[in-house]
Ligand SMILES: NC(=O)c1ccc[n+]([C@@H]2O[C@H](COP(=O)([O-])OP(=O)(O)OC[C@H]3O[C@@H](n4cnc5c(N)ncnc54)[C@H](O)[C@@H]3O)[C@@H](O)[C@H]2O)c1
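In structure tokens, the next block holds one chain alone, the form predicted alone.
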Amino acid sequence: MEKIDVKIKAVKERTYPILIGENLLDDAYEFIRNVTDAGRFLIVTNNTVYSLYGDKMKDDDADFIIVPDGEEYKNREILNTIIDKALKMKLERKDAIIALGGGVIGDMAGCAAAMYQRGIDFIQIPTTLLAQLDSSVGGKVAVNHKLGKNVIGFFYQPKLVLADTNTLNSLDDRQFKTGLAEAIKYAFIEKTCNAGEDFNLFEFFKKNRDEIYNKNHKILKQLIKMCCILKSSVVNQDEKEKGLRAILNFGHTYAHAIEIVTDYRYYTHGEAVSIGMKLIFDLAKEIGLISDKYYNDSISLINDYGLITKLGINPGKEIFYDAMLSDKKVKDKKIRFVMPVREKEVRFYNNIDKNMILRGI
């Protein structure tokens, strides 16, 4: 088992663990009770995950709520059903909410934990690759609005992240690639994360493609660990996304707009991100921020993993641009992009011409 301690400075520094390994669900409550004094637990999950892992999480002190699966259900209505369940259980402030599932489950459960009784303990048990290496780490929890992605939410840190890599065996190819898109993102931002370690993720991906797709647990555990270290380093430096943390949204300015204009139904989040990264590299090449070699190497890496790079719908440029203006990084009505400038490095740009932004679309 690998352990990473995430340090949160905020008002008073505190630390919570990320545990990564096989068969961790077998001892889940032992790990959970080491970090919380909760007497009862509300487990938020969906039908698919419950059918696979619900039995492992049954406990005399725990109850489940099954919510619909999919980004389109990450909304205030479903959030209210979780709060309703907590109220019916009469959960107290010392109790806890557990997220058992992917990023959507983690976001909604985290929002509910932040809201209920003005904040109760929150445990993340991510079961997808995307959630294990990215969305379960860092304490950003939110639900969507029809006009914006993740615009209703909190910065609310979990007490524990428990990543059992055995759960990745049940992922289909599409969901696995969804996680790989977020993982590959870290290869493009690694140096700017200031983690104090050089993992050379770019070369790691080039070297280990077959092992990753064969779900070699040793390699996947290593990949998840590296991504979690990079993200936790950024979070430690900038928990509330006042500056540096926005680099984690590399490719996401386009991606969130894609999700908005398709009502969160057409693409998975990772698919939207892979398209968004391609568009960002196109834009960076056109305005002369990166060399032809770095552009070609980066696009080759995305293509080698079979990720989607073309937008299969035509929402109209003005509709798309309006969706981009709802991005949380917009300031003074200017879209702020996380742009590649050289290998493993990114910077912020907010003065890019509208027509150039939309040319790739």
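Keep in mind it's a predicted model, so treat the numbers as computed, not measured. Start at 1 and count along the sequence shown; that's the residue number.
One more form of this protein exists, namely the form predicted together with the named molecule; it is left out here, but the text below deals with it.
Thr48 is the sole member of Thr309, Ser326, Thr36, Thr48 with a non-hydrogen atom within 4.5 Å of the named molecule in the predicted complex. Contact annotation: of the candidates Leu130, Ala113, Ile123, Leu230, the single residue with a non-hydrogen atom within 4.5 angstroms of the named molecule in the predicted complex is Leu130. Interface residue remark: Ser135 is counted as part of the site for the named molecule in the predicted complex, having a heavy atom within 4.5 Å. For the chain shown alone, Asp95 is not a contact residue for the named molecule in the predicted complex, no non-hydrogen atom being within 4.5 angstroms. By the criterion of a heavy atom within 4.5 Å, Thr178 is counted among the residues contacting the named molecule in the predicted complex. In the predicted complex, the named molecule sits beyond 4.5 Å of every heavy atom of Ile83. Here the chain stands alone, but in the predicted complex its contact with the named molecule, taken as any heavy atom within 4.5 Å, falls in 48 to 56 among 311 to 319, 291 to 299, 329 to 337, 48 to 56.
Within 4.5 Å of the named molecule in the predicted complex, a heavy atom is found for all three of Val104, Asp107 and Lys140. Counting a residue when any of its non-hydrogen atoms is within 4.5 Å of the named molecule in the predicted complex, the hits in 147 to 175 run Lys149, Asn150, Thr167, Ser170, Leu171, Gln175.
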